[in-house]
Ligand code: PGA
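The form predicted alone is given below as one chain in C-alpha cells.
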C-alpha cells in the first residue's frame, strides 16, 4: 500500500464454465469494457474460461484478465494441464486457486500450495479461495479456515506474499450449494478479522498489505452492504458477472464508496 494514496478496491468476475461461445464471451467482455473508462479507484478483473483469455486480451486493456486455475508444473508430461507461465504469456495476470468447486473435485491444500508458488513464480497474482462448508455452533469453522490458510500458504516467499489476494467464500452461501443460506456482512467481517490475525502471525506486517475480498454469491443488491460493512477490499462475483448490467452496477457501487 502506498502512503498517501487510496488503496484500490478490486472487483473480480468468475465466469466459471460460461459462456458457451467465444462470440458471446467477446460481447459480454466488450460491454463491460465500454463502461469502465472513468474508473480511478477500482480495479476490475475478469476470469473467463482459459481458451478465451488470449482473444479477450486483445479487446481492451482496461480490464485485467485472470484464469480460473493453473497447474503447478511449468512444462512436461501433464496431459490436460495449463501452467502459470502459459497463462501469463496469453495475457492472464491473476489466477483463482482453491475455489470450492475445485476442492469438491478432489483438490487439497497441498495441491493449492504448489499452485500458489508456481503461479507467483510465473508472475501471476493468486486469488486464494478459503471458506467453510458449514457454520457450526461450536465455531469449528475458524479452525477449518485457519488450516486452509496455513497449509495453502506454507513456505510462500514473504517478499511475494503481498501479491496474494484472499477470497473468503463461505461454501454454504454459494448459489450452487444445496439448501444455501445468505451470508451477512457481519459474517464476512468476523472472518476477515480472523483471517488478518492468522496472516499477521504468519507473515508479520506484510499481512496488512494483502487484500481480502468476499465472494459468496454476491450480487448488485448486497454489494454495497458487504463493501461498507463486511470489512473487505473488494468482491468476487460469480453469476452476477455474467450479466454486464449487474456486474457494472457492482463496479459502480465500489467506485462510489472508495473515496
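Quantities reported herein were computed from a predicted structural model and do not represent experimental measurements. Numbering follows the first chain given and starts at 1.
The same protein also exists as the form predicted together with the named molecule; that form is not shown, yet it is the one meant from here on.
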Check your understanding: Within a 4.5 Å heavy atom cut-off, is residue 237 in contact with the named molecule in the predicted bound form?
Key -> yes
Practice item. Give a yes or no for residue 218: in the predicted bound form, does one of its heavy atoms lie within 4.5 Å of a heavy atom belonging to the named molecule? Key: yes
Practice item. Give a yes/no on whether residue 246 approaches the named molecule to within 4.5 Å in the predicted bound form, heavy atoms considered. Key: no
**Study point:** is_contact(residue 99, the named molecule) in the predicted bound form, heavy atom dist at most 4.5 Å
**Key:** yes
Study note, to complete from the structure: Counting only non-hydrogen atoms, the one stretch of 223-231, 40-48, 209-217, 194-202 within 4.5 angstroms of the named molecule in the predicted bound form is 209-217
Check your understanding: Within 4.5 Å of the named molecule in the predicted bound form, do 107, 113 and 147 each have at least one heavy atom?
Key -> no
Point to revise | Position in contact with the named molecule when the complex is considered in the predicted bound form, options 175, 89, 143, 157, heavy atoms within 4.5 Å | key: 175
